[in-house]
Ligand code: DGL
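In the block that follows, a single chain appears as structure tokens, in the form predicted alone.
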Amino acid sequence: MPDILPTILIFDSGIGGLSIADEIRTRIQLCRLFYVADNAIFPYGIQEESVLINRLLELLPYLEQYARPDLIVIACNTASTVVLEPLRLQTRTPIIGVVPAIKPAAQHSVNHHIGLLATPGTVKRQYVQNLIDSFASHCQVTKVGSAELVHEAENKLRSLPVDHDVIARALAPFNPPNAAPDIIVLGCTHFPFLREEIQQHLPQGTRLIDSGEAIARRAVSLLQSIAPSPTRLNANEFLFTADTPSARKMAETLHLHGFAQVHLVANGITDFTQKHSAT
């Protein structure tokens, strides 16, 4: 009888969480991934806190029913800063959240000036300010929120042109006439896909860091103490919560990221899980 592989549910509003999925697959080859892109309310970075909390509390039970995951990763900084605790009260499945890498940035900054590049929702969260107060109180922190860069990252993943003017405008606060931050935290899981383009518009020597490797290491650590449960997944699967033309065009890219099956939900998650409950 073949070994039962652990199943990891990865959740984001779009495809940016693929940066986290790729890191996990690098460290955990023998696992099943079920990635959910909640594109029905994309992007999370512009949603109100109450909307995100209610949305994820509603969706996660259905997704757990379908995938039977051993581990859940909320691969979105914005959602993680507001919904982790309510979700942990709702499920017994371990949950990993993704939060901006403020602590390592502050530890490694030479000029004590760091930047945070995230979504508008993330940069205004009290959770993020608490991270800054706890780990970067000795640093100047320049916070920039951009929903436009989320769209540019999605365009790149769809093999569409990236607008460098949009990137340059977003990064302008990191290019002051005096001291610029020497480390910038990519506080959105979409942004590592724009690493090369972002680097082109920053002062020479500025370093970029994100949370991908840390999340993958945490996943490895947690799975070491979990006995995998049987799952209905026979391969890595990807689900969009809305059937849109852009989602349909993503299939080829998703195959390149290791997802053999792609689902597009037309009538809601409840209908989807009911149709697959007997399979």
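Since the model is a prediction, treat every value here as computed from it, not as a measurement. A residue's number is simply how far along the shown sequence it sits, counting from 1.
Separately, the form predicted in complex with the named molecule exists; it is not shown, and the next lines address it.
Does the named molecule come within 4.5 Å of any heavy atom of residue 188 in the predicted bound form? It does: once the named molecule is placed as it appears in the predicted bound form, residue 188 has a heavy atom within 4.5 Å of it.
Find out whether any non-hydrogen atom of residue 150 is located within 4.5 angstroms of the named molecule in the predicted bound form, and reply yes or no. Although the named molecule is absent here, residue 150 would touch it in the predicted bound form, with heavy atoms inside 4.5 Å.
Is residue 34 a contact residue for the named molecule in the predicted bound form, using a 4.5 Å heavy atom cut-off? Answer no; every heavy atom of residue 34 is more than 4.5 Å from the named molecule in the predicted bound form.
Within a 4.5 Å heavy atom cut-off, is residue 212 in contact with the named molecule in the predicted bound form? So residue 212 does not count as contacting the named molecule.
Okay, which stretch from 244 to 252, 61 to 69, 219 to 227, 35 to 43 lines the named molecule in the predicted bound form, with non-hydrogen atoms inside 4.5 Å? Heavy atoms within 4.5 Å of the named molecule in the predicted bound form occur in 35 to 43.
With the named molecule taken in the predicted bound form, which residues across 4 to 19 come within 4.5 angstroms through any non-hydrogen atom? 12, 13, in sequence order.
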